[in-house]
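We begin with a single chain expressed as structure tokens, specifically the form predicted on its own.
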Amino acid sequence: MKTSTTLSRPQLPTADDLQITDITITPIAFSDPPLLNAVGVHEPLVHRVVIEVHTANGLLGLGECAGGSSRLANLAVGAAAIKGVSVFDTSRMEILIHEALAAELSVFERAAVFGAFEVAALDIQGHATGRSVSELLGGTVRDDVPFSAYLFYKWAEHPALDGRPAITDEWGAAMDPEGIVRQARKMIAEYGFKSIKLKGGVFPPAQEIEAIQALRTEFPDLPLRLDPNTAWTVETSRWVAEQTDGLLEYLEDPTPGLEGMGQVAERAAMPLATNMCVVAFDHIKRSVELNAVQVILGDHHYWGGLRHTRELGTLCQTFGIGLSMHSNSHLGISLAAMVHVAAATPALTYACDTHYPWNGHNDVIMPGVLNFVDGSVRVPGGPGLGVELDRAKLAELHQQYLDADMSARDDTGYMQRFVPEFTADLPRW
């Protein structure tokens, strides 16, 4: 005689269980080397924000984003707007945040605020279901996410200022091709990167081409990238593209604006990349019309979270555009989110950027999860982001923020403390 068997279902949280009950927004400040760029130099401390979202059943989700007083004010508005919403209802969260923030705010800022909370919501979804964020995004298509060495011209130290002593670091100076090669050797030896990006726009283009040539001589098999952050005119950009033909994997944001990029693309043999002139979905149509950009650097902080970043990958596939990922000074929560979305995005065609070698020693997550092996980071197993907050370090960096009395990052103002005639007017050459 056959007997029926009733399968028991796991007890899952209810919608009420997963309502957002509280959000903690903690501004922090952590040390940053004197890295040079087109608009100045990094200050000794960089401002960042850690977000903790709590649900009715006691689950916790983590987010991280750039700081500054205006961002903190916008995060507070966003947090108030999504109280009581289920963490699974991220579409509603996005609508509520966009409605709550002032209409005059840019789409970019509203997307950044929502993106910070969406990461935390996905982290909680993972804990509620026992799944990793990459699984929630559709599953991993790669177990290890490749990253590129991110080189900077830099001073040997933060100079003494207003009674503060000079601040040295382990990297030393990199103000010429020899210094850049030395920096690359150290970074590749420690992290195993398989491609190299140089932040340019600091010295006249001919000097930066010399650095690229020196890197090619030292690392003949590694793809190279150069990013001057729109420091050059169209004519200069075309000249640099000609001089670096055969040297660069891609040339990133050589000149301002889509029209200018389109004019450069007409002559450049290598792809042009951007994280400056295509940073929202409504920029893509015009970019395609002009064939201005052949590689987009996605960033979940810019594009409105992880799901929208994955959608960006689909659009890139549709139009035959390459996809990499942009980085700003970040810690492990952002790195974990970046790894999960990169792992779940089939369209990723280039290694991602990361500042982690410059900032990771300050991390607010417990160590041991995010490790670089041969230039790649293995996707955390989860659930959620797969990382845990280091509350002692969080408290330390929050106190450092309070002591510093910071309002916003100001590369230009900091540079002018030492080079009064410096301006951030671009293009410069």
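Quick caveat: nothing in here was measured; it's all calculated off a predicted structure. All residue numbers are counted from 1 along the displayed sequence.
FYI, the form predicted together with a small molecule isn't displayed, but the following is about it.
Taking N37, T55, N362, S376 one by one, only a single residue has any non-hydrogen atom within 4.5 Å of the small molecule in the model of the complex, and it is N37.
Interface residue among H326, R307, H127, R238, judged by heavy atoms within 4.5 Å of the small molecule in the model of the complex: H326. Proximity of Y150 to the small molecule in the model of the complex: non-hydrogen atoms within 4.5 Å are present. In the model of the complex, at least one heavy atom of N229 sits within 4.5 Å of a heavy atom of the small molecule. Though the partner is left out of this view, K197 does reach within 4.5 Å of the small molecule in the model of the complex, counting heavy atoms only. Among residues of the shown chain, T244 is not one whose heavy atoms approach the small molecule to within 4.5 Å in the model of the complex. Picking from 352-360, 161-169, 338-346, 174-182 the stretch near the small molecule in the model of the complex, with a 4.5 Å limit on heavy atoms, gives 352-360.
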